[in-house]
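Next up is one chain by itself, shown in structure tokens, the form predicted on its own.
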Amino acid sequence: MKFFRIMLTCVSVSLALGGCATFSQDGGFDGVKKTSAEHIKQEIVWSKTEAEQKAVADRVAELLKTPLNADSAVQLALLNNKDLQASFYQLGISEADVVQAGRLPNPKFSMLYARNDGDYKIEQALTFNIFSLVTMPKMLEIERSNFEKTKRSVALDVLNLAHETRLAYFNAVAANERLSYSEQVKESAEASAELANRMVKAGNWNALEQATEQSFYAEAIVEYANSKNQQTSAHEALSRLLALPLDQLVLEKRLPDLPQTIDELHAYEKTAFEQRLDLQAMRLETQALAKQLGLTKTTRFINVLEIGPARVLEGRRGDPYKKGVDISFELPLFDWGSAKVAKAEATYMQAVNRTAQLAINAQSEIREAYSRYQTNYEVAKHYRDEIVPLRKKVLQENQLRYNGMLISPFELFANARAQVASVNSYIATLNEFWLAETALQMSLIGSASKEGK
């Protein structure tokens, strides 16, 4: 009976310690939602059940009823992107590691049975790795730290997807506008080339003048084809992020207007980089490695220490069992743990240096992103306030001269093309500004992804 009491005590201790870490109700998702909400206003959903998936499908259908703007495109991506849903399950994996770290390994039962002419030798032992009792608190602390790091990494995945979607959305809308204006230029060049052919047939033009107009038309056709390809690529990039087919994507016709003013640099400098999620995750990883290093140093000489009740019968079958305790541990005859400690130290110092470099990179990325943001704003503003109005004024004046038969229709066509080209350039610079603004916001959260650029 004493044997079974000892076994029961060991099992009770195991169960009690196992209760130190249990699965949470939200699986860490509420932490991710809270972090994401600090940077974006769109909601995220971890759709695990059939009812949740149906609710997401209904929400997606509702969003698709109206032309998408940048915010609704981001919301669609956050609801529908499967890679993001896969990232959410990383929370479950990490939390399972925490729970596992809070549980004792299973007890080990061993038995030796031998019989010779009525004599028996039976050895029974139930042992536990009690060394895990010593390391359990430290392992729990390490895994909890890793879980916190996973929450920040998943939140960064959410914000990265929002960032990539905004970039892809602006590129898609700008591609639509460029295609529209390229089509206008092509039609103007086509009309000009057709008129040139008639002038040659009437004997009023020479071959050089005809070839000049035809070359404009030929170049306009190539430009239109390139614009068409760019539009297809931009829409496909957006389609992949939203996980929706192209025929369901209806976008707003124009990019958002240029804002009246932009923020000053001081809002982005100083300690802004310290709030970056990638830097916070790297710090947590470094702290976990420091704890892992301490644990490795503590346990370098003892890898296994097992103890448990045992009983032995030697002799006739009816003889009483001899009861005692079975203890075993690994002797450090060959492995003194120096290699493990060296590896842990190198891993820790590697993380320390990477964290330091990440902090330096973060400051530089914010400065670079702000410079690009500011420059593109000034360029787009110059196009909007100076170049486009001047081209429009030139076209209006030439329209008056053409009406007075002071210039030829070809000069009017050329001016119309130049005016359209200036508008097209403004669209390109406006798109660059919104891309830069999106990249600047992302630089305050983490390293900007290259996707969508």
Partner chain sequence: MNDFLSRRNFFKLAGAGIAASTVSKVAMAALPEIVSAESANTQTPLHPDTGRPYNPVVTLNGWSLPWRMNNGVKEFHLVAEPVVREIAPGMKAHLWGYNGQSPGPTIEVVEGDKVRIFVTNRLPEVTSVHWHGQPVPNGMDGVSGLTQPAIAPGKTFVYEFEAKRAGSFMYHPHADEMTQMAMGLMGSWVTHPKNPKFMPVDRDFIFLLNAYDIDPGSYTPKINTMLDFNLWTWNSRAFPGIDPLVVRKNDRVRIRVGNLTMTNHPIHLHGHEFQVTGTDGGWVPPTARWPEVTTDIGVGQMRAIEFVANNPGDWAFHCHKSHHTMNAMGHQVPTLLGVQQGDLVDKISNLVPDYMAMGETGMAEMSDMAAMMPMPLPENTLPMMTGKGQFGDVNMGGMFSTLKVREGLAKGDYKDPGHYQFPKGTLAYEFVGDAPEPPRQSATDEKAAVEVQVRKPTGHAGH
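Numbering follows the first chain given and starts at 1. Quantities reported herein were computed from a predicted structural model and do not represent experimental measurements.
There is another form of the same protein, the form predicted in complex with the partner chain; it is not shown, and what comes next is about it.
For the partner chain in the predicted complex, the listed stretch (22-30, 47-55, 424-432, 396-404) containing residues with heavy atoms inside 4.5 Å is 396-404. Against the partner chain in the predicted complex, the set 199, 408 and 416 is in full contact: each member has a heavy atom within 4.5 Å. 184 is the sole member of 230, 184, 72, 214 with a non-hydrogen atom within 4.5 Å of the partner chain in the predicted complex.
Proximity to the partner chain in the predicted complex, taken as a non-hydrogen atom within 4.5 angstroms, holds for one residue of 329, 205, 131, 120, which is 205.
Under a 4.5 angstroms non-hydrogen atom cutoff, the partner chain in the predicted complex lacks residue 171 among its neighbouring residues. Mapping the unseen interface onto this chain, residue 420 counts among the residues with a heavy atom inside 4.5 Å of the partner chain in the predicted complex. Contact annotation for residue 188: at least one heavy atom lies within 4.5 Å of the partner chain in the predicted complex. Although the partner is absent here, residue 243 is not a contact residue: none of its heavy atoms lies within 4.5 angstroms of the partner chain in the predicted complex.
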